[in-house]
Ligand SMILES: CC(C)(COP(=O)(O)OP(=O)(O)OC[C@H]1O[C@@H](n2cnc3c(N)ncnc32)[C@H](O)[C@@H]1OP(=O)(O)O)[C@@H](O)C(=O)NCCC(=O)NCCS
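The chain that follows stands alone, in the form predicted on its own, written as structure tokens.
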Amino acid sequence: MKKNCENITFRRITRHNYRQIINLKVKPYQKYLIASNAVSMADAYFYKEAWMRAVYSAETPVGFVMLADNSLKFKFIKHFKPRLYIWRFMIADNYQNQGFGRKAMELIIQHVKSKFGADELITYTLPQNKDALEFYRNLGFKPTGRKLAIGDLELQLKLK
């Protein structure tokens, strides 16, 4: 049965909800394709360019998103062009394939457009993560042909 994914919101992760977010898990075969939410939260603590939020459907946590805004890291450089990318994104096992991920990503894209006025949004995924590749391609992301040193493929969504 499909659940209602129209009421997706992003919430700060606080001392009141962080354990719920840490406990969100992907499908067993996906756990080697994405960092855990605990690792992602630790990364966000140490990297000032990170923007992380819990993904909620009404009052239920269903996922996690972390963007990176490198203008926060390099804001002292004149004429620096901000580059925004989806650093981490996950929808919990029980909520996958029900529209929650797509709705959340549409809101992320809208947020990036309205807050940053960015020309593009970048994400990365491992080539063997077929679910993620299909998900991003269905949203209009296209491979750029570039790879990170760790093997992740770069995907780009033109926003303008």
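Fair warning: this is a prediction, and the values are worked out from it, not measured in the lab. Residue positions are given as counts along the sequence shown, with the first one as 1.
Beyond what is shown, the protein has a form predicted in complex with the ligand; the following relates to that form.
- Screening Ser36, Asn70, Thr60, Gln98 for any heavy atom within 4.5 Å of the ligand in the model of the complex leaves a single hit, Gln98.
- Against the ligand in the model of the complex, the set Phe10, Trp51 and Leu84 makes no contact: no member has a heavy atom within 4.5 Å.
- With a 4.5 Å cutoff on heavy atoms, Ile91 counts as touching the ligand in the model of the complex.
- With a 4.5 Å cutoff on heavy atoms, Asp131 counts as touching the ligand in the model of the complex.
- With a 4.5 Å cutoff on heavy atoms, Tyr56 does not count as touching the ligand in the model of the complex; it lies far away.
- The shortest heavy atom separation between Thr14 and the ligand in the model of the complex exceeds 4.5 Å.
- Interface residues of 23-37, taken as those with a heavy atom within 4.5 Å of the ligand in the model of the complex (partner not displayed): Val26, Gln30, Ile34, in sequence order.
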